[in-house]
Structures are given as C-alpha cells and as structure tokens.
Ligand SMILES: N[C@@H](CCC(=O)N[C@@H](CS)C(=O)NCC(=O)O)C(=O)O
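Just one chain follows, in the form predicted on its own, and it is written as structure tokens.
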Amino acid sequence: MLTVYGQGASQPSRAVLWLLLMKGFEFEFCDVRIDQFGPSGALARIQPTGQVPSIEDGDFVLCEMPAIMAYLCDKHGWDDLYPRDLQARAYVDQYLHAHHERTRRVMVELMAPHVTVAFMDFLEGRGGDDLLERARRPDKLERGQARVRQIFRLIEAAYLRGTPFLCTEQPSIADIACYEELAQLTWARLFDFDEFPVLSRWLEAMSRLPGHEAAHAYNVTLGDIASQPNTIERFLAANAAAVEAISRAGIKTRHLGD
C-alpha cells in the first residue's frame, strides 16, 4: 500500500493528501511530528532529507510535492488532473516549476510568521532565522499582506487569464498546489480576497471539489490566527483534527514511530 508521510500543517502534504482523497485512492497516512523532520530526524531513516510530504510506494521512495503528484497521476492514469496533451501538460509544468519560488512565498511572508509564534523557542537554534525574524515583527501582518498582493496579481495575470482554472479549463495538480498556499489565508483571517475577484471565484470553485473537507480539517480547526495569536495547544489540536478527519474518510492512519 502507498504510504504518505506528512502533516496537516504542511501545505505540500495537504496537496498530496487532497489529490488522493479526491480520487478515492486507498493509502496509508503516517503523521510526522515537527521534531521528526529534517536530515537528523526520524523521517530521515525513510527519506534522507527528512521532508514532508514523502511517499513510500513499495520499494520506491519520493519527496517533493509536485514530483509526487505528477508520479501518482502518471502511474494511475489521472489524466484529468495532469493532462497527456503535450502543450496542456507544459502549462501545468510551467506553473509547478515556479511554485516554490513564487507562490510558496505566501507561506514564508504571511502564513508561517503567524503560525510559528506558537513554537519559537523550539525553532531557536535550529535554523530558519529569517522566519523567526518575521514572526517577531510587530508589523508582520501588514508587511506580509503587501508582499503577497504582488504574488496574487501575478497569478491572476499569468495563470488565470482566460481560463477558469490555472493553465487549463478544468482543475489540475497546479491548482491543487496553488490552492493550499492561498486558501489557508482565509481560514486564518490573514487576507481578504475581495480585492481579487478572479482569485475569489477560483478559490470558491476549488472548494467544491471532492475530498476538500477531509483534506482541510487542520485549517478549519486552527482558524483565526490574525486576531488570536497561535498557541502550541491550538497547533497540536489542529494537527490532531487533520489525522482524525483523514481517518474518518476511511484512510488508515498512524504516527511515525508507532
């Protein structure tokens, strides 16, 4: 059976989980604690970089969310989400190649500084000094919003120009990857998308796809972290809710080390 190693708080993990839930595919979800990440963590015994998401498909191990989703679509013939047509696929790949450098900045600039206030003591001395600096800024909300506006303008202009979904007439794995970065801001009350009507319509259309509720229990449970600063208790409760929701969807779940 396919095993997915991930965490509800991880946007790339949620993308892979949502893809599989969307397709009704049988798999096992292994929840990985934050102290088990990285090349010195417990996950590194399975995947050397120790990053989530990672998958184990028999003897085959793979990390990096875009590579995982492309692999799963190719293996199982999910051409509706990763088209076989050469040019249509090229547009999807074009977005995915830019995703980490551009769209993932939403996490770096706005979401993560508000999430990590819950465990800054844990992160101290473990790298990520830039993230800690952002989390300590009194103007982190305004600064983050200003920076992500630039990203949202680019997405509307470059990827939602003339098509209802990114790059194509129907949802693709590019949409799934992008949605995980943008939609989390709505539950967290970190950004109001009213000034971006094209993105707002796209977010609404994506939220109606199968498996959405189970894939996003973490976000719903965590809720507002703009006016109510995150705490470690809220963070852990949200991750627990994510595992429970996936289990209720009929997926076998466990924790790394069990």
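These numbers were taken from a predicted model, which means no experiment stands behind them. Each residue number is its position in the shown sequence, starting from 1.
Separately, the form predicted in complex with the named molecule exists; it is not shown, and the next lines address it.
- Look at 205 to 213, 48 to 56, 188 to 196, 218 to 226: in the predicted complex, residues with non-hydrogen atoms within 4.5 angstroms of the named molecule sit in 48 to 56.
- The closest heavy atom approach of M65 to the named molecule in the predicted complex falls within 4.5 Å.
- Looking at N239, you'd find every heavy atom of it more than 4.5 angstroms from the named molecule in the predicted complex.
- Interface membership of R153, defined by any non-hydrogen atom within 4.5 Å of the named molecule in the predicted complex, is ruled out.
- For the chain shown alone, R104 is a contact residue for the named molecule in the predicted complex, at least one non-hydrogen atom being within 4.5 angstroms.
- Listed residues H100, R143, H76, R136 were compared with the named molecule in the predicted complex; H100 is the one with a heavy atom within 4.5 Å.
- Looking at 31 to 47, the residues that come within 4.5 Å of the named molecule in the predicted complex, counting any heavy atom, are F37, G38.
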